[in-house]
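To begin, one chain is listed below as structure tokens, in the form predicted on its own.
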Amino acid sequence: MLSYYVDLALRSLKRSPGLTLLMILAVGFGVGASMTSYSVFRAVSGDPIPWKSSRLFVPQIDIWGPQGHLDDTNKGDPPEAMDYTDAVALMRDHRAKFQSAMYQISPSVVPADPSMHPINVGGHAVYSEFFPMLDVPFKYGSGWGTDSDEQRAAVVVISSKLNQKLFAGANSVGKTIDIDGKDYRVVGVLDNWNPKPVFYDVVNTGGFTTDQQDVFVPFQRAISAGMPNDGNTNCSEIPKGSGFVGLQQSSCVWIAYMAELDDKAAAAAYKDYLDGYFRDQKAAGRFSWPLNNRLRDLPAWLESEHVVPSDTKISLVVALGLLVVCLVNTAGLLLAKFLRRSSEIGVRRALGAPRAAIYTQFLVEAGTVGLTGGVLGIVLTWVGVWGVSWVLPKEISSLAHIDLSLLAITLLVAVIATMLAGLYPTFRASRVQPALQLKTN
């Protein structure tokens, strides 16, 4: 029976090619615009580690007081990052299951092949618990152990991309690479790990960056080797000392921090520890302002940092508004088309067709328009995703992509939305009085 209604729908659409084309264009443009915006919004708003994001926490300590709050968007919040003193103290106390302080580095890697030029790479100085805390996948080897942290060992985890450049993709665990003139032993090779947003260091990346993280070295090894911070540094006062050592002795914040806490009780206990740490520092004369610490889980942290660009939210709302306008126009065109067939409906009703049959016939016709408009919407979505780089920053636009799920959603939205738009025209068509139509004709 459904095939019969589909055949009727196709015949009807062929009889009014102009009207049909207008409806398909309206649905196609509306769906194409909304799906283009959705593809960008989906890319930047997804949970980067959904299986444990609620167990990852970012602590904030108010080391500057009310006069030092630099963030205009989060009035009253403590600094987003930590200074060296607090980061090392929290690592030493080790009150979380896993935790790691981290800062950005950009050393030079000198290939063993003398014909190759030195490679400037990006990376992070982290503690060993960084890898199990974030479930970092490895292609070869693993992260280093806590003993390497304590001994400031010259070990390194490299990306698969850097491994491809230096070792042609072979297992390089146990081999050495030259970083800033020092030999580092490779203990692990990442397996194409590049989370978006870069949730573990929103402070320095803003959540999105086109830079590749190619090397991870022990935090204290990087400190002792004098690898400078390549990320953001915010200060409430000018450091008294100079250079990288002066930065470590200052109250400037430049170190991101994350901790894994298994449940609410663990989070509450950790917050109590943070507050106790603050009170101890205040008693020692370091702080003179009221307690103002924060401990947010990862979703709350990403929300507080406004990681999802406001532009993408606005464009999604505007695109959805355009889709509604297109569907209203489509509903008007369907109404005109259906009511022009009042005589046909009257004959069918007079021959015994129930209203349900009329509903089914015209909803199938609306669905057919939606399906065809959805195919056009897929083409327009592809064009839109390709063109978003013209209006959005590269680190944002590069995340939008076409995949099977987006194609399926596009077709589904087009069909369902058009059928919803066709409900009122179908209702009006089903109310046609057979006797009046037969008498008129």
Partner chain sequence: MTLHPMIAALRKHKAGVVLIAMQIALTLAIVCNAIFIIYARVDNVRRQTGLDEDNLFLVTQQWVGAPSGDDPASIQKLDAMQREDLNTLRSLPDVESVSPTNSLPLFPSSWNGAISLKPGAELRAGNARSSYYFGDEALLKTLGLHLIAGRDFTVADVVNKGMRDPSEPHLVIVTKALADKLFPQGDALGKVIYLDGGSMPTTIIGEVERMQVPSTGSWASTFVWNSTIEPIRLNGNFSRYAIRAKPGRLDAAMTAVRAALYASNPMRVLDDDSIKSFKDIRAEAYRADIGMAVLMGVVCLILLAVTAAGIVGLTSFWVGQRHRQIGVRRALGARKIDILHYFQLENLMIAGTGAVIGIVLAIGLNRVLMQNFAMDRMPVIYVLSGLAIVMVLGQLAVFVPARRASNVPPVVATRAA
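Since the structure is predicted, the reported quantities are computational estimates derived from the model, not experimental observations. Positions refer to the first chain, counted from 1.
Unshown form predicted in complex with its partner chain; subsequent notes refer to it.
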Is residue 289 a contact residue for its partner chain in the predicted bound form, using a 4.5 Å heavy atom cut-off? no
Considering only heavy atoms, tell me if residue 15 and its partner chain come within 4.5 Å of each other in the predicted bound form. no
Find out whether any non-hydrogen atom of residue 329 is located within 4.5 angstroms of its partner chain in the predicted bound form, and reply yes or no. yes
Residue 26 near its partner chain in the predicted bound form, any heavy atom under 4.5 Å? yes
Its partner chain isn't shown here, but in the predicted bound form, which of 363 to 371, 94 to 102, 136 to 144, 223 to 231 has heavy atoms within 4.5 Å of it? 223 to 231
Using a 4.5 Å heavy atom cut-off, are 192, 285 and 383 all in contact with its partner chain in the predicted bound form? no
Could you spot which one of 407, 392, 375, 44 gets a heavy atom to within 4.5 Å of its partner chain in the predicted bound form? 392
In this chain shown alone, the residue from 266, 274, 333, 353 with a heavy atom within 4.5 Å of its partner chain in the predicted bound form is 333
Can you name the residues of 116 to 141 that have a non-hydrogen atom within 4.5 angstroms of its partner chain in the predicted bound form? 117, 118, 119, 120
